[in-house]
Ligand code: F6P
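Below sits a lone chain in structure tokens, taken as the form predicted on its own.
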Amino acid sequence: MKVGILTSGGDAPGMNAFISKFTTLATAAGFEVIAFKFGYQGLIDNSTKPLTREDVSNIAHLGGSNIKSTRSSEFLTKQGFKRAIQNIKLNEIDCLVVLGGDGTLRGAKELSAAGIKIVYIPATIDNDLSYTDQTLGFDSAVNAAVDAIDKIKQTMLSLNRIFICEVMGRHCPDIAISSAIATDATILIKEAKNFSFKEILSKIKEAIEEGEEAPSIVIRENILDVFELAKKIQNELDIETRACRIGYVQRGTSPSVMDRILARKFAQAVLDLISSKKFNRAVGQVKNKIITKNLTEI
């Protein structure tokens, strides 16, 4: 059996851990593994790379995607989608393993509807796929955010400054919520409707009165300009206020222990599905148990 694999959209820590473990298991089972580089665009361009155990023997601890990833606008066109199907058939791919987030999932469902045998892995730091409790990369991203916030807090404490940290998550607040709880943030802004400037000032003043020396605000991206917010707070309270966008540190970080373990669980689940000829499934984890669901159900 010939198995294709690709990573699509934003990279997530743990993608390489999955690629490494799955390739090792699949080749040991006698399968041939072919990577399509740069995700769905690789299907269109027929950009392939055979994977062997030697190719993946030292990548599990690395962030990013060893087989490259991108968002393909061409894949969304009829012509691009048609070329992708043709190249899957040209390479005689019996099953395509797809890693990515919600956009990648939609592409996987389209391919499945077109007759391609698919197995989908939820790999996104955003943790925004409701059928699974946790997506690959989320835990690593939270750990990276917490590490950065902890370090920023130390210098802010030295100067008694207010600080704002914007974390990733696209339109999902899970990273913001977890990192705010873990760092004991003064204020969490997770949704645009959750705050008012007056309320922010009130909470900061209250925290300072209670003895907090460096009040902190954790905010999800895509809500407001954190640098403008810092200026407004400083002008109102006459206290130095600094803002930081932690950014791609969260995506490019090495996978955490939890994500490495989850990647290996996912890899075994995918091999089991393929070996038993169960396709067009999405793998996930619910209450610490690996589950699979039909792509059309999610």
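Not measured: the values here are computed from a predicted model. Residue indices: 1-based, along the sequence shown.
Another form, the form predicted together with the ligand, is not on view; read the next lines as being about it.
Remark: all three candidate residues (T124, Y248 and R251) come within 4.5 Å of the ligand in the predicted complex, counting heavy atoms only. Checked against the ligand in the predicted complex, the residues K203, R71, K82, K89 give one hit for a heavy atom within 4.5 Å, which is R71.
E221 is the sole member of D147, E110, D174, E221 with a non-hydrogen atom lying within 4.5 angstroms of the ligand in the predicted complex. Residues with any non-hydrogen atom within 4.5 angstroms of the ligand in the predicted complex fall in just one of 176-184, 161-169, 148-156, 130-138: 161-169.
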